[in-house]
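The data below hold one chain only, encoded as structure tokens and taken in the form predicted alone.
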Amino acid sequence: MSVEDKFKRLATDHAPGQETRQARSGGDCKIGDDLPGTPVDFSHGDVDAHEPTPGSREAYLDGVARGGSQAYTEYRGGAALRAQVAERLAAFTGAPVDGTDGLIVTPGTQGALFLALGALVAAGDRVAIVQPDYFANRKIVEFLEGRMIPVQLRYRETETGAGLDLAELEAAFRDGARVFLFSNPNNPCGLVYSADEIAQIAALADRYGATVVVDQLYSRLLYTGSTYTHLRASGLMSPDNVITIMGPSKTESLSGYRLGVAFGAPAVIARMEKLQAIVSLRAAGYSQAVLATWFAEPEGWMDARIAAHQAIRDDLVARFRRIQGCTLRVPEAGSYLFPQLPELTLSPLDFIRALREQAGVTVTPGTEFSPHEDRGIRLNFSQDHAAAVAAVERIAAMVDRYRA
């Protein structure tokens, strides 16, 4: 594959957040007399809509004040900070974390994802990837010239769990996949894998000697009635074959600090550090100091954050369900909605463009997450509550305007 082809296949024009540069800027928008409102960009979370973790700004400024000692940490992150984070992650996930050899701090979880796949995938290697799932998964594998084997998430066919097609996963392993990548909670659907699904993933991976990379970015933002099973604590597969990715992000309104953490198999973490050394050297040194506030929020703070997001989720779900022909499963965690729109007179991409231009609403096309989701749109509802509700009302009006 030529360099030109590699970059052509990345196709990031419609990636989450990329269309922001094309959106209307600031102020109210009034497209005709029937669609007034404030522009809302659902392609990413609004970090100004919710207060960040208490003390995060002070921690960052303290990192700046420390100067070089904080700016130039080890490539995998400051040793003392890694030890502190490892202890907290062990308590959260239910299994020991080696802060010395089994953990690396990265420039966001996106950085951790690239490093993990870069450490595990060579040209021609087969990689099992869930569809729909995070948009960058397949793009990174294709860029590394790996061979993607899709495994379907049949989430519309079940009311519990994520609906992973385990027969397809086993077939992928039999076909030579030695890496399996998925997000839990799922991005874009917000669904949580059941304990049985996690147990079967672990058993299959162990049987076929595969390494599993699990993106657990939103595993703290669980809504009422949801239960979560950490793959690394399942006890059913070798800990040397699991890499877990987490980080402070939209849940804590800390996305802008670009912090991620990957932990698990020491041999893979060591490779990731070597790759990070030539890609970015380290996660931003001053930003690393903010990790001291992660999992250390005041009592009740996370409960209030979850309640605020659940209230937004419930209002938006109710409004989407009033749209004739629109379907969606209620997300159990995270800050994403993934409704499937009815048939329209516009193509999916043209409708998304019309949403942006006529209603001041930016969403991400479902095809970023799976080629089968052409009628899907993804919304990150970590937004101002009232503005998000008003924006979905405008989406409903646009669906009626262009309904087939």
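All residue numbers are counted from 1 along the displayed sequence. In this text the structure is predicted, and so the values were computed from the model without any measurement.
Same protein, other form: the form predicted in complex with a further copy of the same chain, not shown, and the subject of what follows.
With the partner removed from view, the residue among A296, A90, A71, A203 that has a non-hydrogen atom within 4.5 Å of a further copy of the same chain in the predicted complex turns out to be A71.
The contact with a further copy of the same chain in the predicted complex, taken as any heavy atom within 4.5 Å, belongs to A283 out of L291, I245, A283, A128. Here the marked residues V3, D101 and P107 all reach a further copy of the same chain in the predicted complex, each with a heavy atom within 4.5 angstroms. By the criterion of a heavy atom within 4.5 Å, R271 is counted among the residues contacting a further copy of the same chain in the predicted complex. Although the partner is absent from this view, D48 contacts a further copy of the same chain in the predicted complex, with a non-hydrogen atom inside 4.5 angstroms.
Not displayed here, a further copy of the same chain is kept clear of A387 by more than 4.5 Å at the level of heavy atoms in the predicted complex.
Residue contact check for A354: none of its heavy atoms lie within 4.5 Å of a further copy of the same chain in the predicted complex. Per the 4.5 Å heavy atom criterion, a further copy of the same chain in the predicted complex is contacted by stretch 38 to 46, the sole one of 38 to 46, 369 to 377, 355 to 363, 342 to 350. Along 46 to 61, a non-hydrogen atom within 4.5 Å of a further copy of the same chain in the predicted complex is carried by V47, D48, P52, R57, Y60, L61, in order along the sequence.
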